[in-house]
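The chain that follows stands alone, in the form predicted alone, written as structure tokens.
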Amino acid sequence: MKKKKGLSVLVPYAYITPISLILLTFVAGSLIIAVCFSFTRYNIITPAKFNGLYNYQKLFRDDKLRICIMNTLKLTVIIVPLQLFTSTLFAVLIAARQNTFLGKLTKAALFIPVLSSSAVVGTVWKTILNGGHPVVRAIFGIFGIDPTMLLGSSESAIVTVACIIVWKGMGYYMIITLSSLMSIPDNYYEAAKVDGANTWNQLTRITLPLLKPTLIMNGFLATVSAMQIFDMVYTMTGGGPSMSTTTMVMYAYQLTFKGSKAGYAMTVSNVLMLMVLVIVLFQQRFMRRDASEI
């Protein structure tokens, strides 16, 4: 009897062993390799040579890295609030019209960009904005905007890129929020209507408070995604003009494949990993406090 009980305890571990081995091999292994190579002079072609803390000392003298950190933070600050606002807004609007043709059409239209390749979406938007098509010029001309300058100006390029990233990812966060909205019991709203609560009061007193854990999770996912953005920025601007859209991931890519400085690129990647780790720890602490309040 005791033998059977002991075997049943091991069964759950047997199920998670394959995925645990994959994670250890490809995720933890990659992190360990990146940390080890960050202490070397390595250009991919010749063997790595240990150079101690030189790469980490170089971080403090690298003006380009400071620009890339600022660009990464700017993108994150623009993308995350805009992503949360638009996805929540459309989730609430679609939830009210879930079974109508317009609701289904809007949900499908917003989710289609999520299924598309980021590289393809970036290339299409670059072609649209830089192509100078008469229809595009006419639409932007209504607002007094020259579309060719949206990606061509260092002042507007990062905002334009951020807006397109928000547009592409909106459907993903909207579906998560919509699923959470569907789990809120209808009797909450029925009781609120009996008490005379209008639509705004129902939204601010019932919907948003109950959506708080989901919004925190969406904010966390959007933050990590924004800090690691690469493909869309690369295809739309290539990091320009004048490094105004070069992110930390793109800088690490340039160091590795154009500058033959893979060792230093891994040092930059480790800095980014630490920044993301700090945000993860902050988010977990915030979520635990939020769960205790609920």
Partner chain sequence: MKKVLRLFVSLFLICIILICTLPFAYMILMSLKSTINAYDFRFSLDTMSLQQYRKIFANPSFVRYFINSVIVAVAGVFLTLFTSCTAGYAFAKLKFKGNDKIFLCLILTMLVPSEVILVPLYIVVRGLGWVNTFKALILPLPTAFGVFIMRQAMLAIPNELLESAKIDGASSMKILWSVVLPLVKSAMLTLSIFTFLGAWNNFTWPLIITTEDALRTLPLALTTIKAQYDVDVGLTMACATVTFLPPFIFYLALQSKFEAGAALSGMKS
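Think of the rigid core as the biggest set of C-alphas that the two forms share within 1.5 Å after superposition. Positions refer to the first chain, counted from 1. Note that the structure is a prediction, hence the values are computed from the model and not measured.
Form predicted together with its partner chain: not shown, discussed below.
Of the candidate stretches 51 to 59, 238 to 246, 65 to 73, 26 to 34, only 26 to 34 has residues with heavy atoms within 4.5 Å of its partner chain in the predicted bound form. A heavy atom within 4.5 Å of its partner chain in the predicted bound form is found for one listed residue only; from 148, 201, 123, 154, this is 123.
At a distance of at most 4.5 angstroms from its partner chain in the predicted bound form, none of the three residues 82, 182 and 189 contributes a non-hydrogen atom. Contact between residue 138 and its partner chain in the predicted bound form is not found at the 4.5 Å heavy atom cutoff. When its partner chain is considered in the predicted bound form, residue 219 lies well away from it, no heavy atom lying within 4.5 Å.
A residue is said to contact a partner when one of its heavy atoms sits within 4.5 Å of a partner heavy atom; residue 211 fails this definition for its partner chain in the predicted bound form, lying far away. Contact check for residue 266: a non-hydrogen atom falls within 4.5 Å of its partner chain in the predicted bound form. Using a 4.5 Å cut-off on any heavy atom, the residues of 138 to 171 that reach its partner chain in the predicted bound form are, in sequence order, 167, 170.
Annotation: Cα of residue 22 displaced by at least 2 Å between the shown form and the other one, core superposition.
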